[in-house]
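What follows is a single chain, given as structure tokens, in the form predicted alone.
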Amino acid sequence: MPYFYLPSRRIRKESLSLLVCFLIAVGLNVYAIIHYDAPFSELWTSMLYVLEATFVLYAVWVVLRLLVYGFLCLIGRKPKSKQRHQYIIHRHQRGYRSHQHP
């Protein structure tokens, strides 16, 4: 069974995307509290809704990125990638640079 290798750069990028989605959801919650003159205790009591909105925003962001990637592949332009190595490394290839595919 193949192992998946995610570079730390990709993990940081996705974590930052999730953090931005969380900040947008909190900002929308604060805007709603101010707009509807609700008490600021709503900021804490509606945290589950904020987390739910965070994951919905993140899912929309992922779908948009996949659509752009698919469109670029469809018209023949591949997205630029600085690292050109495979993300799947088999068990016998772990730790051996000479066995990895370029």
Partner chain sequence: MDRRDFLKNLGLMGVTTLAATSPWLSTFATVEDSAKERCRLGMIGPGSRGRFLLSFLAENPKCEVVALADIYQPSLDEALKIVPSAKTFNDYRQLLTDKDIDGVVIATPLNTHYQIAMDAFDAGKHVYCEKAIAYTMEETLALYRRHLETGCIFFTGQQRLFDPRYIQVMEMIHQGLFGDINAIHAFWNRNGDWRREVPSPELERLINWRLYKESSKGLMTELACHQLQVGTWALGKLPTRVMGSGAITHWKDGREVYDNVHCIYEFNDGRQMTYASVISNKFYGLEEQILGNKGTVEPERGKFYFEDYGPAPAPAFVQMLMEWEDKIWGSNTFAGSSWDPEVARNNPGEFILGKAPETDGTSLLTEAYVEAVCTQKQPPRIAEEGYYATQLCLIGHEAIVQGTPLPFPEEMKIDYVPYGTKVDELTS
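Numbering follows the first chain given and starts at 1. None of the values given here were measured: they were computed from a predicted structure.
The following text describes the form predicted together with its partner chain, which does not appear among the structures shown.
Its partner chain in the predicted bound form is not approached by Ala59, whose heavy atoms all lie more than 4.5 angstroms from it.
Looking at Val68, you'd find every heavy atom of it more than 4.5 angstroms from its partner chain in the predicted bound form.
For the chain shown alone, Tyr49 is a contact residue for its partner chain in the predicted bound form, at least one non-hydrogen atom being within 4.5 angstroms. At the 4.5 Å threshold, heavy atoms of Ile33 reach its partner chain in the predicted bound form. Taken together, Asn29, Ala38 and Ala53 are fully in contact with its partner chain in the predicted bound form: each brings a heavy atom within 4.5 Å.
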